[in-house]
Each structure stands twice: as C-alpha cells, then as structure tokens.
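Starting off, we have a lone chain in the form predicted alone, written out as structure tokens.
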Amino acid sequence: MPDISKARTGSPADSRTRQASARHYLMCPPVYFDVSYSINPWMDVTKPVDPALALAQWERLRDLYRDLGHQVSEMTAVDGLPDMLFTANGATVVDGRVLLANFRYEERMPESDAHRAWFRANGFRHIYQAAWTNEGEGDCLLAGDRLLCGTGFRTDRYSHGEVQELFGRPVIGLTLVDPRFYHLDTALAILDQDQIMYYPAAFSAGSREVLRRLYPDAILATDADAEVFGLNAVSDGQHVVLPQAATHLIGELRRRGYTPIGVDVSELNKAGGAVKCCTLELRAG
C-alpha cells in the first residue's frame, strides 16, 4: 500500500492548493478475471493471467480509495464475465441518472444486465438503457459542467446526442484514432473541473484542436506515459491515482500541485485496463 501520509504532502514546486472532494465509486472484484478472448490490442490469449495477483492489485486500489476517504461499493462478480471488474465501462452516472452501457462486443453484453440489477437493488430510480452503442465512462467523462465523449472504436458517435438529452449537459465529441487507446479513458483523464491530462496522438487533428482550445494548460502525456495506461487515472481534485510506471505524468502532476499516487495494476493491464477502468463514479442527484 502506498504511504498516504507522505503522498498528502504534495510537492514544494507548486504553491497552488488543490481541494479533494469525497467520491462514491462502484467496483467489482476480479474473481473471474482472465484473458480468454481478444477485443483490444492489449489482450493476448496466449499470455497467462495470475488471478491471485490481479485480485491483490485490485484490493490495494480499493483500499487506497477508502484510505483517501472515498466510499466504495462493490458488485458481485459473475462467472463467465472476465472483464466485469472494469465497472467504468458498464454505465455513466450523473445527477443520480444511470445510462447503462450498450456494449459493442458480444462477450461483454451481459454485463449491462448485471449493472442494471445492481443499480435497481441499490435504490437508483432513474435507469436507462443506451439505444446506441455506448461503453459507459470508458467513453464519457464528466468535466465540470460538460461531458467529454469519445468515439472511433467502441462508442457510436450517435450516442453523444443520447447522452446530452439524458443528462442535460453539453457534450464535446472527441474522435480516437489509435486502436491501442480504444476508450477515451485510456487517452484522457479529468483532474478537476477545468484541468485534464491527455495523449494528443490518440486523437484526430480536429479533436486535438478542440482540446487545445478548451484546455490550453492541459498536461500532455508522453508516448511512454500512454503505453503504461498512465491516463487511465482517477482524481478527486487533489489526489490522482494512476499506474506507477507513468513517471513523467507523476512528475507533472506534482509540479501542478496535485498529489499523485502510483499503484501497480500491471496484471490488469493484460486485459487493456488500469485504474479508471476499475472505477465507476456514482454521482448522486
């Protein structure tokens, strides 16, 4: 477990004060985690998976969130759904409204029913099934009053209108062009209401220009950062939890006054996911 007391001290290189806010996250233990099929460039069915290590890395991430003062709810894993630990792909939740994912690949489609059952059992009243292909927070990230929504590989661009109508917030569509970064949350992370970090090469030329105009002071990831899933990160406004191998991003975050906390999720990387993929934020109304 990272030393939280040391992590909270931040860096003297930046005098800006960041403010953390308590969050509520939904996670699912990787009880049945495996790479038994391939639906992204990172998944190699010939490489063995260590289930015990995957579970240990996941538990450290869950416990870290709780140590930071966040609430973590857990779903029950379902046999036959090895990617169910990636709860961020299962839905988008804003103002208490839930838009369930409509997965592109057949292997993951049953996860929507499991998410629906969990939300119903836990008192969520406004639950909607996406009509268009839409992979939840994998491609739909809340940034202040706007939603940044990705398309290109997993989420249909027509889903962006559906997202805007349901949540009543402006949607900024962003096109992904590198199949390694098939979800928006592998190429971009929200740090606070008006700050992001992203990997420019993952986006089309037009989307890069949109991001440059909206976030001129954004942190830009290097090739090395992106390739270790450094942008698949979770921020509470002060603490940024991200893969520990993203050393350039960790330094930049410290310089900007954030408190980066590196974690080892290398076993989960084998399925093309990391910190954010395991973390669905539940935003109450």
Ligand code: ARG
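Predicted model only: the values in this text are computed from it and were never measured. All residue numbers are counted from 1 along the displayed sequence.
There is another form of this protein, the form predicted together with arginine (ARG), and it is not shown here; the text below is about that form.
Chemist: For the chain shown here without its partner, which stretch in 112-120, 202-210, 169-177, 183-191 has non-hydrogen atoms within 4.5 angstroms of arginine (ARG) in the predicted complex?
Modeler: Only one stretch passes the 4.5 Å heavy-atom test: 183-191.
Chemist: Just to confirm, Ala88 within 4.5 Å of arginine (ARG) in the predicted complex by heavy atoms?
Modeler: Ala88 belongs to the contact set for arginine (ARG).
Chemist: So, Ile261 and arginine (ARG): in the predicted complex, are they within 4.5 Å at any heavy atom pair?
Modeler: Result no; Ile261 lies far from arginine (ARG) in the predicted complex.
Chemist: Considering only heavy atoms, tell me if Gly150 and arginine (ARG) come within 4.5 Å of each other in the predicted complex.
Modeler: Flag for Gly150 set to no.
Chemist: Quick one: does Val265 come within 4.5 Å of arginine (ARG) in the predicted complex, counting heavy atoms only?
Modeler: Val265: no contact with arginine (ARG) in the predicted complex.
Chemist: Check each of Asn40, Gln57, Gln244, Gln238 and return the one that places a heavy atom within 4.5 angstroms of arginine (ARG) in the predicted complex.
Modeler: The residue from Asn40, Gln57, Gln244, Gln238 that makes the contact is Asn40.
Chemist: Scan 95-109 and write down, in order along the chain, each residue with a heavy atom lying within 4.5 Å of arginine (ARG) in the predicted complex.
Modeler: Stretch hits: a single one, Arg108.
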